[in-house]
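This document starts with one chain, in the form predicted alone, laid out as structure tokens.
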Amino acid sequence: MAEPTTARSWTAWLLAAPAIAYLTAFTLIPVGLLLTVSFWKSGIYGTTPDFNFGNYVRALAVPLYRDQLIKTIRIALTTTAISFLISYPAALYISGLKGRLKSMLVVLLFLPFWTSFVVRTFLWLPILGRTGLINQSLIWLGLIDQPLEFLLYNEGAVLVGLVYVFTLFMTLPIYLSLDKIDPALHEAANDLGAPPLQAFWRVTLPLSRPGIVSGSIMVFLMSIGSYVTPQLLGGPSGNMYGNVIASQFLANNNWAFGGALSVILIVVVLVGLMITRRWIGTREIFLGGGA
């Protein structure tokens, strides 16, 4: 019995080898280098291997960087919440359809993927800008005399862009969870005298929780690490932690401090995932839609 077991073990390792190699080359090694550099020191002559905790002390003690991290977490949570409020009704409606209309709407959900992420973000510039669609429409209707300045280059514009780009990643997991719910459960709830709202609260919502959790995690992770959207739509007041990190590597040439900021963001994400895992369980996080 030992030989077949050993053979299966070697087969499993061979099948997993490409994925392990990929994760090692593009995740473990880069993160390890980033962690190492974060304890070094950067100066006008480059980065030197002088082990110290100064970068982390600066990142956590200086209000500018600490407040930027809190702001980024707040934007990511807000994006996740708004995406859920938009996605759940849409997913619930589509899951209740049948036939060609349902298939057509599911295909339409994927339409944003047919264009570049950057192009989809750029789309909001001619909509929210001074000479954009909203301002020109309001002027044409006589509701305003001058273009509105607050539509672009602020935190609100960043939220609009993030919600637009990432809502799909909330909608699809929720739709998959809802679509797997046995219609007989709703019929049983109705037969037992449950009103539609109570049936939704006691049956539909709990069974769709895996999709909600999966979508929320995906949207939060992508939002908290955003760089392009706040760079294009946010301006100085809409910058997020990713923009601060990029400025350390590109503009300030301070790789050590940029590495420390990056590690802090990674730790925040991992802590959030651990809390979520403890709260609802690993299976629901990674197998969303397993209703």
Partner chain sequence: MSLSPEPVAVSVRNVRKTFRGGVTALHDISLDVARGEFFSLLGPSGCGKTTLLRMIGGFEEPSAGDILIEGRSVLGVPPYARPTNMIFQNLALFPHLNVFENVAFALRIKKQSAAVISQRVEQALALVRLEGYASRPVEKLSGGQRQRVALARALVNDPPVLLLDEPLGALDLQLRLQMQQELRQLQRAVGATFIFVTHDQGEAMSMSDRIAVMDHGEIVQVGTPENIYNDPATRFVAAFIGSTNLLEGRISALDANSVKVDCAGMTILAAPQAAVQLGQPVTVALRYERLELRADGQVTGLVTDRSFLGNMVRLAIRLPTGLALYADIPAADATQVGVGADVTFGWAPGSPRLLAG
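Just so it is clear, the model here is predicted, and its values are computed rather than measured. Numbering follows the first chain given and starts at 1.
The same protein has a further form, the form predicted together with its partner chain, not shown here; the description that follows concerns it.
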Tell me, please, which stretch of 88 to 96, 212 to 220, 184 to 192, 160 to 168 lies within 4.5 angstroms of its partner chain in the model of the complex when heavy atoms are compared? 184 to 192
Interface residue in the model of the complex among Arg120, Lys102, Lys71, Arg202, criterion: non-hydrogen atom within 4.5 angstroms of its partner chain: Arg202
Residue (of Ser116, Thr131, Gln198, Gln146) lying close to its partner chain in the model of the complex, criterion heavy atoms within 4.5 Å: Gln198
Would you check, heavy atoms only and a 4.5 Å threshold, whether Gly142 touches its partner chain in the model of the complex? no
Is there a heavy atom of Pro126 lying 4.5 Å or less from a heavy atom of its partner chain in the model of the complex? no
May I ask you to check whether Leu207 falls inside a 4.5 Å heavy atom distance of its partner chain in the model of the complex? yes
